[in-house]
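This document starts with one chain, in the form predicted on its own, laid out as structure tokens.
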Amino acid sequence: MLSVLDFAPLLLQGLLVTILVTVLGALLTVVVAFTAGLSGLSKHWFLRWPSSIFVEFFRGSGLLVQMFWFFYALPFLGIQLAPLLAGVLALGLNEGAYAAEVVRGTIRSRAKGQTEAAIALGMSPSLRMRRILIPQSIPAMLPAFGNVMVDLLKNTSLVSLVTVADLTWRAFNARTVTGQTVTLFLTILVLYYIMSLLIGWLTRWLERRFALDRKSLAKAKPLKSLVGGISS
């Protein structure tokens, strides 16, 4: 009788696919989050409105429906996406919409005093954003971004529904042969739990790293001396 161990190589292949989908989805999520989040802060309506529509649309419609749309509906419009690409696009755009609100809300909440001081010293909006607001906001964003990444990892199990051979898809196939449903899905639960712990550990490490960098920067270059160096 076949056991779970007989399917360990296949489960390992599925695990690698799940990690690949998570990494690609995370990269797309970060790009989408900063693009939509910063556009949402713009004073120009042609940047702010599309950002708002994008965020509301992808938060307001279900991830599974979006994934089915990318994979099953787009071919009727002449666009055929590979299963992996359709899954990553749906995950990245959906999670990016949530993360965009994290970016927009965190930057908006930054202290007005330093922004006003930077304006008084003649810094342009783009320079203020690159040198003051974004560097100060990233440490505050990290805990929320960590939650988004854990959510993205858990949602990767949905890509099996568009025929991506990830960990869940491999487990379903192995279950039909071995009949060991409890053991197989307990294994999958543990693997997802370990990967979530690793994301949490990475997030806390980044928080500590950014906190140390900020302390070093504060000791080395106060804001006025930094701006003075840029202006000169």
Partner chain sequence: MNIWDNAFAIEIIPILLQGLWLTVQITFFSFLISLVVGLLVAIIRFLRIPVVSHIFDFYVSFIRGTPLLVQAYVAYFVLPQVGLTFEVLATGIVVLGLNYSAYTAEVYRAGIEQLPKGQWEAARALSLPPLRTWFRIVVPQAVRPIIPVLGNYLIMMFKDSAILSSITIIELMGTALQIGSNFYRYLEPITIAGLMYLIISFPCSLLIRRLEHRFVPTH
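Positions refer to the first chain, counted from 1. Keep in mind the model is a prediction, meaning the values are calculated, not measured.
Keep in mind that the form predicted together with the partner chain is not shown, yet the notes after this line are about it.
Margin query: I'd like to know if L77 sits close to the partner chain in the predicted bound form, meaning any non-hydrogen atom pair within 4.5 angstroms.
Written below: Yes - in the predicted bound form, heavy atoms of L77 and the partner chain come within 4.5 Å of each other.
Taking the partner chain as it sits in the predicted bound form, is W45 near enough to touch it, meaning that at least one heavy atom pair lies within 4.5 angstroms?
W45: no contact with the partner chain in the predicted bound form.
Quick check on I188: any heavy atom within 4.5 Å of the partner chain in the predicted bound form? I188: contacts the partner chain in the predicted bound form.
Is the gap between S61 and the partner chain in the predicted bound form 4.5 Å or less for some heavy atom pair? Yes, S61 sits close enough to the partner chain in the predicted bound form that at least one of its heavy atoms falls within 4.5 Å.
Between the partner chain and T106, W201 and W205, in the predicted bound form, does every residue show a non-hydrogen atom at 4.5 Å or closer?
Per the other structure, none of T106, W201 and W205 touch the partner chain.
In the predicted bound form, which of the listed residues (L84, M129, L161, A144) lies with a heavy atom within 4.5 Å of the partner chain?
Residue within 4.5 Å of the partner: L161.
* To do: Please determine, with the chain shown alone, which of 135-143, 84-92, 121-129, 150-158 has non-hydrogen atoms within 4.5 Å of the partner chain in the predicted bound form.
  => The contacting stretch is 150-158.
In the predicted bound form: members of 50-73 within 4.5 Å of the partner chain, any heavy atom:
Counting only heavy atoms within 4.5 Å of the partner chain in the predicted bound form, the contacting residues of 50-73 are E56, F57, R59, G60, S61, G62, L64, V65, F68, W69, Y72, A73.
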